[in-house]
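Before any questions on binding or motion, here is one chain by itself as structure tokens, the form predicted alone.
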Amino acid sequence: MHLGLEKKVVLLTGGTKGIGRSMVKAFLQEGATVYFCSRTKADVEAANESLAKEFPDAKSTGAAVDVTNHAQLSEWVTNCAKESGRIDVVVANVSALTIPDTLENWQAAFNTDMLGTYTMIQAALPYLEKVKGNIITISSVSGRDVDFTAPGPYGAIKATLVHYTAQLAHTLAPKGVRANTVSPGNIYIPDGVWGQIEADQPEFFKKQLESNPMGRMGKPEEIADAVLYLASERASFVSGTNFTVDGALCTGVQL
């Protein structure tokens, strides 16, 4: 399927590892220009070097940005727009990944997942409106189902992201800007959360693996494919949806 993403300018947070890294590569494969960020400078430098070798003819630029530093995040968005001349797509992907039910974790989740997303979108909106671009937020099935992460901030904040994105979809539709959420299920990445759980808590990992109706966990590339579709004009009439990519893991009906 031709997605028509050539020369589109994409901004993505949390782009050095896991799902974020897969999304960066997927957009580059489609011919898009990608600006990504991560908090850790060493990870950004390594990603820049690796991507330059893998995609020598593509344009990708990583920067060290702390999304909880809202002035720094806004400045990064503005600088990307000045350099590229436009912003077509923003993907709010970064997460604090805080699960234990503590005040510190609630604060970290809200500041990173919610306010980081809000700040990025607000900074990008003037540019998105000029090109009728689109917004994609990355939530989780924990925002749909009450699961093993409860009680705690992770699922609650992810659910908040879904509602916020739906608000954006409705209020920005008259301006031609689309907004959608992608909610991954259990995604296996060797050096990610589930890879760590597999090593540290093998019995719990086995139980969670068995709970997946397809008998496996997802791949980060499968989330990237969903994001690419929503970012493309193939999804030109899709806005306000929560695109769950979970292999039928969720038991509730999404109405």
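Here the structure is a predicted model, which means the values were calculated and not measured. Sequential numbering from 1, following the sequence displayed.
Another form exists, predicted in complex with a small molecule; not displayed. Remarks below refer to it.
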Decide if the three candidate residues Thr16, Thr68 and Tyr154 all line the small molecule in the predicted bound form, where lining means a heavy atom within 4.5 Å.
yes
So in the predicted bound form, is the small molecule close enough to Arg178 to count as touching (4.5 Å, heavy atoms)?
no
If we define contact as a non-hydrogen atom of the residue within 4.5 angstroms of the partner, is Val94 a contact of the small molecule in the predicted bound form?
yes
With the partner left out here, check for me: in the predicted bound form, does some heavy atom of Thr61 sit within 4.5 Å of the small molecule?
no
Does any heavy atom of Ala46 come within 4.5 Å of a heavy atom of the small molecule in the predicted bound form?
no
Note: the small molecule not shown here; in the predicted bound form, the stretch from 208-216, 226-234, 47-55, 32-40 having heavy atoms within 4.5 Å of it is 32-40
The small molecule isn't shown here, but in the predicted bound form which of Ile87, Ile135, Met120, Ile138 has a heavy atom within 4.5 Å of it?
Ile138
